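First, one chain by itself in structure tokens, the form predicted on its own.
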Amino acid sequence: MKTSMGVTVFSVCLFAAACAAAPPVNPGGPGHLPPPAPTGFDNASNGVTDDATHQVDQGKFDEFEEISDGLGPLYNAQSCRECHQNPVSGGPSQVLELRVGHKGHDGVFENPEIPINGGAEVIKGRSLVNQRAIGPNGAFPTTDIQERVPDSENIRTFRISVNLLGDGFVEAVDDSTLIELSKKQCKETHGRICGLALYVPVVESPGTTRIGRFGWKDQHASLLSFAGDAYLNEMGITNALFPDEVTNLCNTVSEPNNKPEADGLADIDHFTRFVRATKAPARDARQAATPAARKGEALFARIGCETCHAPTLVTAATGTVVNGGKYAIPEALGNKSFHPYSDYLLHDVGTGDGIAIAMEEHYGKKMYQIKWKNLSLENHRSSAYKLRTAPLWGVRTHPMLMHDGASLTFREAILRHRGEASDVTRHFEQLSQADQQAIVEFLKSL
């Protein structure tokens, strides 16, 4: 409905691939790390903007959309904050989104076909099933557009909304760092653990790709792309990057001309700048200082969890241009060390939901008309049973774990890890109960 430039991501929160230590690419050499990224749950800027500007951007992020603003016709939430607010705006939540599909005759995942309005229209090209709709409404009293899952779509999963705090630092990590992590894993584990560094389209720079790092399937590398995707698919609001409605039924708002507002920015620009300016999740310093947590941290590394849950990454130098030339890394984000406990790569740890990346949903209906450099459709299809290594920073604020929220304790989440993480899970099971609990105490400090 409304066309604006705007964001959120209502994806999900996993306690992902447990895996032997993979230190960050460190331009300063052994024993040296660049200045640390600022941390905290205080809604203050990390320095990308001043606090006043950050509050304006947060206001856009928190703002509830109404039908008159362009909400829907199909949607999951009325604001970015609705799915990203624990413990502050930009954090994760336990809000679940529904994704479905089926396997074709060749055994390859296919997106669902969802009939609406009594079968008068069929929604295709996306795996997401929106849980809310604005129709029927006063203007269209007999138009029923609520999506319902047909029996044919027998691959089904829920995914929890992901954390966005600190993602400006994640965006500022150079592709080469993630590629090097993948190579190092594969070499040191003799091929048992090999994270996939997936090249994905940068939607604001047609033809350009970059290593994905956002979303449960690493489907985006750019926060602006991520914002535009979520604004359309989670709130039903069209924007400059995603101008096509999911359905025109029950569309009660005429399309605006897609121009920025008086401040020169559209909604997704504000959303993106807000996320880029968020601080990284802070550790619980008191918990981290306990003997049990310190012991657990050493055991976490010793049994191999750090292979995938990399403790430290370093951002590219200030001024580095990324996202197809659309974004230069500012001083506040450049050459900073941060501690996400993730390699941001795709792994098969036995918990994959069987749902591959829906290309048109995440990159727009015209994505196949564009020649994207380094894009591998085969690698995208292979994402069906792979998930991004869940960043563990801030995991103590998540009462529901794994991508689907089905694990309610840290121990349950660890024991679900199989596939590439099988050896690490076995090492955990071989620990004494006291040592297993020490790892849990360490996780409670993150």
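Start at 1 and count along the sequence shown; that's the residue number. Here the structure is a predicted model, which is why all the values come from computation and not from measurement.
We do not show the form predicted in complex with a small molecule, though everything after this point is about it.
**Q** Verify the flagged residues F271, A421 and F428 against the small molecule in the predicted bound form: is each one within 4.5 Å by a non-hydrogen atom?
**A** The answer is yes; F271, A421 and F428 each reach the small molecule.
**Q** Consider the chain as shown here, without its partner, and state which of E245, E204, E297, D167 has a heavy atom within 4.5 Å of the small molecule in the predicted bound form.
**A** Contact with the small molecule in the predicted bound form is made by D167 alone.
**Q** With the small molecule left out of view, choose which of G364, G324, G334, G215 has a non-hydrogen atom within 4.5 angstroms of it in the predicted bound form.
**A** Of the candidates G364, G324, G334, G215, G215 is the one lying within 4.5 Å of the small molecule in the predicted bound form.
**Q** Test of understanding: in the predicted bound form, would I67 fall inside 4.5 Å of the small molecule by heavy atoms?
**A** No, no contact at 4.5 Å.
**Q** Do S383 and the small molecule share at least one heavy atom pair within 4.5 Å in the predicted bound form?
**A** S383: no contact with the small molecule in the predicted bound form.
**Q** R276: heavy atom within 4.5 Å of the small molecule in the predicted bound form?
**A** No - in the predicted bound form, heavy atoms of R276 and the small molecule never come within 4.5 Å of each other.
**Q** For N86, is any heavy atom within 4.5 Å of the small molecule in the predicted bound form, or not?
**A** N86 lies outside the contact set for the small molecule.
**Q** Name the stretch: of 367-375, 134-142, 305-313, 277-285, exactly one has residues whose heavy atoms fall within 4.5 Å of the small molecule in the predicted bound form.
**A** Of the stretches listed, the one contacting the partner is 305-313.
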